[in-house]
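Just one chain is shown here, as C-alpha cells, and it is the form predicted on its own.
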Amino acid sequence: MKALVLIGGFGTRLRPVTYAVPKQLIPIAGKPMLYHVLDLLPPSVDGAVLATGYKSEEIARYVAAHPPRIPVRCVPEATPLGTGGAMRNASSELSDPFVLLNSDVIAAVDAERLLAAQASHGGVGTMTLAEVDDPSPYGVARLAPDDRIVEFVEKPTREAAPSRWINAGVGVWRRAVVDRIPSAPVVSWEREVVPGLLADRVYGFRLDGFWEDAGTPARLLRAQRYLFDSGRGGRRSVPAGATGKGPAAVHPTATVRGATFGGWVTVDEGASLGAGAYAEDAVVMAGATVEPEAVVLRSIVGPGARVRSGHRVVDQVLGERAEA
C-alpha cells in the first residue's frame, strides 16, 4: 500500500520563516513536521509519494539526506495545481486503496482502525473527521447515523456549516477516485471532487484524540505540545549541562550548557542557547543563536537568527538570519 502526501501552499501564515524553509521542514518535537505526518502511517504502508510544490527542491534534498523510515519519492508540480491537481499529477504509483495525508496535520490517528473501517464498509473512501468549535476554515461533513457522509461543504460560514465535524486531513481512498479529478489547470479535491463522490459512499472516521492544523505559529506550537505530551516528542529530558523541567528535544550538535528550559522546546542542529538563556514553548531552528540571559517564549526562531543577550522574544516569529 502507498500513501500520497499533499505538500502544497506557500506557508504564508508562518512567514518570515517560510521564506527560507517550507513549513513541512520546520522542526517540532525533535523532527520536521513532515516526519511526524509520516509517522501516522501503519506498517502496511511501505512507501509514500510526496506531491510537492513550493520549495520542492529543498524538500527533495532534505528527504534524500535524511531518509524517512519508509521510501519516499517527490513528484513536484511546475505551477500550483490545487489539491486535486496535485493528486492527479502524482497518481501514477498509487495503490488501491491508498492513504491520503495533508502534510501540516498533527493528529492522534489509529491508522489500522482507519484501514479496517474502509475495508468493512467497502465505499470509495473513508475520511478522518475532527470536531472543532469553529468549522468555517475547513471542509465540513454532515453524517448519517452510520457515519456515512451525506454532505460535504468546503469552508462554509460558521452559521451555514452542516456540523462541527471537519476533514482532519487523513483518509483512505480507492484508486478510482483519481479518475474523477477533472483535467483542469487547478482543481480543489475538497471543493470540486469530494462532493461528487458521496453518492458512491464515503464514510467518516471520527477522531477522539488530539488534532491540530499546524499552519500558524500558535497552532504549530500547540501541535508541538501535543506531540511531547503524547510521548511522540523525541528526546524528552533536559540535556546535561542545562537546567529546567522540559520536555525538550535538543539536537546532539546544539549547544545549551547553562541554559534553562521550560516545557515544550525544540533546539535544532547547530543552534545554541547561552548561559542563563531561557526557552519555553519554542522552536529554535538550525544554526540560530540565543545569547546569554535572553528569553524565547511562545516563539519560533528561524535558521541562523540571533536573539541578543538580555533580549526577550515573546509571541514572535523570527525569519532566517534575523536579529532581535
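Position 1 is the first residue in the sequence shown; the rest follow in order. This is a predicted model, so every value here is computed, not measured.
Same protein, other form: the form predicted together with a small molecule, not shown, and the subject of what follows.
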Checked G171, G82, P247, G204 for heavy atoms within 4.5 Å of the small molecule in the predicted complex; positive is G82
From the list A51, L41, I26, A282, which entry has a heavy atom within 4.5 Å of the small molecule in the predicted complex? A51
In the predicted complex, does G319 come within 4.5 Å of the small molecule, counting heavy atoms only? no
Would F210 count as touching the small molecule in the predicted complex under a 4.5 Å heavy atom rule? no
Contact of L6 with the small molecule in the predicted complex (heavy atom, 4.5 Å): yes
Determine whether any heavy atom of T126 comes within 4.5 Å of a heavy atom of the small molecule in the predicted complex, and answer yes or no. no
Pick from 237-245, 138-146, 222-230, 171-179: which stretch has a heavy atom within 4.5 Å of the small molecule in the predicted complex? 138-146
Identify whether the small molecule in the predicted complex is within 4.5 Å of every residue in the set A86, S103 and E154, based on non-hydrogen atoms. yes
